[in-house]
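Listed next as structure tokens is one chain, alone, in the form predicted alone.
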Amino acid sequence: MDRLPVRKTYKLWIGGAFVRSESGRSDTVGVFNIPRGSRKDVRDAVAAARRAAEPWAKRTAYNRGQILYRAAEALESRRAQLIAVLTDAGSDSSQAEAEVDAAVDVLLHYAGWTDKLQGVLGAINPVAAPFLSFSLPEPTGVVGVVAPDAPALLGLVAEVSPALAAGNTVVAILSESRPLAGLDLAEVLGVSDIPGGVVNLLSGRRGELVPALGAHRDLNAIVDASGEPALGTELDKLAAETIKRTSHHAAASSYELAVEDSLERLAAVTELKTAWHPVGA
């Protein structure tokens, strides 16, 4: 009798651990049962991201760049597996190969941005007085990401990478129709140097998870790449209640589209702190 392979059990990625949904519910994608995250899972993910935010922000920009570079290495090591997952989800083999390669390159691109943000966004401001004024970029904090349905992997990486490069932690809602690639990305993160809680990945139904994420008062910014106007409007309303930053992007379908507005994506999850210092006697 031929041996049956062990079928993978997919779980959420929260706080650096694979966890089952608090509700115990699941949805079926192909032959797999996918955890259906709940509002409680959103709260747990935001809490994990908040705990990880200060230590991650305190790392040097150079060190964050090294960590993102290592994540890109780990992602490339899973290239064949991710191509198979994307192919099973409906992409043809050439599309799947191009998407995985682009996702790796996007991570590398933003790894290179980490130690350049201060030089590009920071400034010494001219003041006609005996004061020195300067501005420094700082992380916004905890960033919520709503990934597009497609491309499931590249669309997710394109939104998460700039947030991490700028020193933020992330809670991401994965593609609703094609969540497998995003959940497999959790395995990549698990063997990379990204500390637990810096990235949290939730699968489930957007209509349930996104409003809970957008309304959470410990979230500092939202990046929406869902491509759903009604959902974007709802997020803007929820964000207004707690003065969260919001940005809306079309899904990045190629490496070029993911990096052509790099500075804009980074600035959307960065705060500028301006300080004044007396000069002279």
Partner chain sequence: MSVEPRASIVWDYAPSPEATDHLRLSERYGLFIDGAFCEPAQARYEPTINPATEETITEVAWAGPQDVQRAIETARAAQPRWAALPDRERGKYLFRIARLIQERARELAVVETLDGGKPLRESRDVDIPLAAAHFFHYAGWADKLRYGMVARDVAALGVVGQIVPWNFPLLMAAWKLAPALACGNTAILKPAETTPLTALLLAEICQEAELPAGVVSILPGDGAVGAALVRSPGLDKIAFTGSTAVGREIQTELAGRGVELTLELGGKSANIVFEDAALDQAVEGIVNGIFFNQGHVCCAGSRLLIQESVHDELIAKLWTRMGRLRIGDPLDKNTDVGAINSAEQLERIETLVAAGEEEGATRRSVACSLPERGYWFAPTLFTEVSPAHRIAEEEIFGPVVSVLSFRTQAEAIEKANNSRYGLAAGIWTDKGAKAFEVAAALRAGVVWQNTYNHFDPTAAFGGYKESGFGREGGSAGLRPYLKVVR
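Positions refer to the first chain, counted from 1. Remember, predicted model here, so these are calculated numbers, not experimental data.
Below, we refer to the form predicted in complex with the partner chain, which is not included among the displayed structures.
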Self-check item: Exercise: residue 242 in contact with the partner chain in the predicted complex, heavy atom 4.5 Å
Solution: yes
Exercise. With heavy atoms only and a cut-off of 4.5 Å, decide whether residue 125 touches the partner chain in the predicted complex.
Key: yes
Quiz item: Even though the partner chain is not shown here, does residue 277 get within 4.5 Å of it in the predicted complex, heavy atoms only?
Solution: yes
Self-check item: Residue contact check: residue 138 to the partner chain in the predicted complex, 4.5 Å heavy atom
Solution: yes
Quiz item: Counting only heavy atoms and a 4.5 Å cut-off, does the partner chain in the predicted complex sit next to every one of 115, 118 and 172?
Solution: no
Self-check item: One stretch from 61-69, 41-49, 22-30, 244-252 that, in the predicted complex, holds residues within 4.5 Å of the partner chain by heavy atom
Solution: 244-252
